[in-house]
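Below you'll find only one chain, the form predicted alone, shown as structure tokens.
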């Protein structure tokens, strides 16, 4: 949730952020009104409780005649206190609802607009030309290699499921292991995270708002399947004061991820681009909010380092405000070229969530003066199953084989080529 002090001190800034997202700025006014109501109700209840305490002392020392009048007064005051406490509770609920309805404030230079209003920051690498043959898509390549089996995945689990077999399984393990190795080299602590989290953790990271329909829920256990290890990594330090005296605390989470893909009917139904289950290595950082923008650039640089290792042509986009999740103040996407689609597709994203998630989850650190402050949280993808699509298509050869990127070969036992069966 956003800082109420910011909402009061710069209401126009928060309203402008809402407008940039394409959302209703009046939710900001509702939040200000709810905060004012709560402050007034707390003041009124505190005043009545103080008056009740003073009156109680007078009753205990009063004479018989005065005591009777004071008891009548105390009875009336008790009724007023009870009503004031009920009003205070109602104001608390209204403030909580209004507070949760306002997403994070976007950074001032984030592009306004929706999904198609991103800004391309740069393009890197040369797109393959495939002289003398027509490139195959990743589904056909995967079949030739015995690497991807969507037919049996559908038979076993339904649409948008798959098996990675043989060289496909080895390729994914090699990719994710390379991502973990890079993360460890740059100071991240590797973590294998839980796949199920409690509602307060899922809600605390901001995923039970507009994207709630994409999340699998186990109703009997009241637990949610995570769509990214960002969620359990954020919940890992919930209600804690963490030590950031040595700089950002960074984790690299390896997890299976689950997404219902609600609303994507008819999109990317072939292959493994948009699926219900996949594996991912996710970077997650806690830092001083003053360092968050620089940390965001570092996460992006590490993502680009991984893309360079697998020798993929890609571009970096600055995502428009209307395409940001509720927690993000800014998000950069790295999109790889997919030859058979003739377009770039997202492989990674990195988001600066400022203190939005930490306020919901009560994650703090001590500043230079020893005072507890809310931490900033950031996340960024290092590798995921979807990367196999770009690797197979960009590095394919006329005979259906696939060249293994040089940096990836040590993680595949030195294998240089994936050969058709």
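Whichever C-alpha set is largest while still superposing within 1.5 Å between the two forms counts as the rigid core. What you are looking at is a predicted structure, and each value in this text was computed from that prediction instead of being measured. Numbering follows the first chain given and starts at 1.
Keep in mind the form predicted together with the RNA is missing from the figure; the text below concerns it.
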What stretch, of 348-356, 25-33, 387-395, 367-375, brings heavy atoms to within 4.5 Å of the RNA in the model of the complex?
-> 367-375
Would residue 343 count as a contact of the RNA in the model of the complex, using a 4.5 angstroms cut-off between non-hydrogen atoms?
-> no
The RNA contact in the model of the complex: residue 94, any heavy atom under 4.5 Å = no
Does any heavy atom of residue 90 come within 4.5 Å of a heavy atom of the RNA in the model of the complex?
-> no
Determine whether any heavy atom of residue 37 comes within 4.5 Å of a heavy atom of the RNA in the model of the complex, and answer yes or no.
-> no
Any residue of 300-315 with a heavy atom within 4.5 Å of the RNA in the model of the complex counts; write them all down in order.
-> none
Core-aligned CA displacement of residue 366 at least 2 Å between the shown form and the other one | no
Verify the C-alpha shift of residue 32 between the shown form and the other one: is it 2 Å or more after superposing the core?
-> no
